[in-house]
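A single chain comes next, written as structure tokens; it is the form predicted on its own.
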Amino acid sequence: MGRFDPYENNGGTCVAIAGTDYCVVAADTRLSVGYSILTRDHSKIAHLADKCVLASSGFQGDVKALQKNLSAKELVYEHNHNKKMSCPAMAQLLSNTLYYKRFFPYYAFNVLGGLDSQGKGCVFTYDAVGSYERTGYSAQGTGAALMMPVLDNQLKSPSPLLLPARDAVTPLSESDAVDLVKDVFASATERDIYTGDKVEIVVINRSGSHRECIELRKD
């Protein structure tokens, strides 16, 4: 008899880049188990608040449960406070939600992106039990190890240990950041069998958010 295992990694990769007045959040649309592709058109991105987007890879059952949990808490917050939750507030809520389940964690690896109360881009990156950090860019998922060296090379985020603290937002323009995201996904798709088919890109800025999809290789 096989041992019961409540977890399964459905693969996929998520990336977020924060700029001075924008944030780009992207994820591929492939959903796999082992060497089988279950669907080529599965969105890993959820709009949680007004200027706040969550991208998650890992076990998609846990990802959906986590997204529903956060959406419900955001709705309660909106009714109680008569305003939408800010992106840094949602980041803290996500951390608390993941840490609350630390003994039977959500098998989800999250990147949260959006605009803070000053209109500046922000990216928060997480582990499975809620430890998080605000950065200028991040990647999570099966292709993250292939993407992060390229992002490090192109964006050169300052060390969080530097004093006084430096601004972590990236110097790229919005269109350049979108082009970089397309490049890192095209690159990772060549080597990671769990990343591919399409990349869904959401750009959040002062005027709102817009979404585009770019085809990747399908083999």
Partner chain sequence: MRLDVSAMENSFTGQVNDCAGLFGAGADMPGMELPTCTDFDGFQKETKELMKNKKGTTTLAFIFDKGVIVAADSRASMGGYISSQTVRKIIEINPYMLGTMAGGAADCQFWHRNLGIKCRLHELANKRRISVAGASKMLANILYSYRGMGLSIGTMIAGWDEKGPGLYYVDSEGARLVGTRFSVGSGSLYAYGILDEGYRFEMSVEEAGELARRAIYHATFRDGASGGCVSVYHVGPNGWKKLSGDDVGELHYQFYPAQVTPVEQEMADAPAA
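Positions refer to the first chain, counted from 1. Fair warning: this is a prediction, and the values are worked out from it, not measured in the lab.
This next part talks about the form predicted together with the partner chain, which is not shown.
Practice task
Answer with yes or no whether residue 83 is in contact with the partner chain in the model of the complex, where contact means some heavy atom within 4.5 Å.
Solution key: No, residue 83 sits far enough from the partner chain in the model of the complex that none of its heavy atoms falls within 4.5 Å.
Exercise for the section: Report yes if any heavy atom of residue 109 sits within 4.5 Å of a heavy atom of the partner chain in the model of the complex; otherwise report no. Expected result: Yes, residue 109 sits close enough to the partner chain in the model of the complex that at least one of its heavy atoms falls within 4.5 Å.
Practice task
Report yes if any heavy atom of residue 120 sits within 4.5 Å of a heavy atom of the partner chain in the model of the complex; otherwise report no.
Solution key: Contact check for residue 120: no, nothing within 4.5 Å of the partner chain in the model of the complex.
Practice task
Select from 86-111 the residues with a non-hydrogen atom within 4.5 Å of the partner chain in the model of the complex and write them out in sequence order.
Solution key: Heavy-atom contacts to the partner chain in the model of the complex: 92, 96, 99, 100, 101, 102, 103, 104, 105, 107, 109.
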